[in-house]
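Below you will find one chain, with nothing else, as structure tokens; this is the form predicted alone, and questions on how it binds or moves follow later.
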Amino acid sequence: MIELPQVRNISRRFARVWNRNLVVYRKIWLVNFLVPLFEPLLYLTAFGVGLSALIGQVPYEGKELPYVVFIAPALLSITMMYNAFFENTYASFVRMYYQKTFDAMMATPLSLEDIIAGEIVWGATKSVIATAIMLFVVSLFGLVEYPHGLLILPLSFLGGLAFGAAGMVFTGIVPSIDMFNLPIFLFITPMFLFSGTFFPTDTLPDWAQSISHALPLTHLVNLCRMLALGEMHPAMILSVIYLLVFTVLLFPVALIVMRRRLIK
């Protein structure tokens, strides 16, 4: 009988797992640094210069926004999602299955809960690092209002925890690394397209709007966009609560499925 893992079993030793991943990251930091540095330049050039000239102004929350202003916060949100999710799917799977890093750590005083928690927190940390780099680039174009824009960084950690936990759930259930194509196609791609990233969600049919508002990326995009515009609305609290609840629910699920996978 498998004992259900409890979040309270996580000790401060999870930071050792986080630090181990940081040490590895520092050895290949240049590769990880270049992607979030140049990716926004490509997006802003394509959408801000090319597509923006065709679209012009976009109606959002009772105002008209230049398309590049509308899309820039969405690019930050997508960065938060991608970095955490891919770190806790592909990268965690490689450490678990191919490199046997998890097996080695389980031979130490670290508990399985410490290992998984350290992995998810590291995924959130990578989300913060990539967001900080991209935020710097986007800010050079005057697309973020400060000081509200600084709150995007702690938001990226919350978003990273949410999508990192979701990614770890898939890591615990997919039979092989090739099967990650399914959650990416069924979970990530729909959010990438229909979470208010490239167009306002109110242009969708009513039934599609309901689905869109149930997606975590929609709430992350709305929060990021409001902060980038230098605005604060009471409705933002509901989006923060949504992301907190999403994380609190999926975090123990990640512990459960990973325990079932690793403890035979």
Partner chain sequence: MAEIVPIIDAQDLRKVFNGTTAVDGLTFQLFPGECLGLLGPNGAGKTSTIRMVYAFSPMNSGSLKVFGIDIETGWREIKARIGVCQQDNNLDPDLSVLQNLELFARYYDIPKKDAKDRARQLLQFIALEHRANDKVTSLSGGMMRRLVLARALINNPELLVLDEPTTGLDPQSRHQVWERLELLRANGLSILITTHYMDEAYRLCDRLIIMDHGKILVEGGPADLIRRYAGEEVVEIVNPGREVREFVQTSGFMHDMLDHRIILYGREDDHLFELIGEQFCKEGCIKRMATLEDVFLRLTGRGLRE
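Predicted model, so just to flag it, every value in this text is computed and none were measured. Numbering follows the first chain given and starts at 1.
Although it is not shown, the form predicted in complex with its partner chain is what the next lines describe.
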{"property": "Non-hydrogen atom contact Pro109 with its partner chain in the predicted complex at 4.5 angstroms", "result": "yes"}
{"property": "Partner contact for Leu244 in the predicted complex: its partner chain, 4.5 angstroms, heavy atom", "result": "no"}
{"property": "Contact flag, Thr189 vs its partner chain in the predicted complex, heavy atom cut 4.5 Å", "result": "no"}
{"property": "Residue contact check: Leu150 to its partner chain in the predicted complex, 4.5 Å heavy atom", "result": "no"}
{"property": "Listed range touching its partner chain, judged in the predicted complex by heavy atoms within 4.5 Å, from 93 to 101, 174 to 182, 133 to 141, 160 to 168", "result": "93 to 101"}
{"property": "Arg13, Val23 and Ile263 all contacting its partner chain in the predicted complex, non-hydrogen atom within 4.5 Å", "result": "yes"}
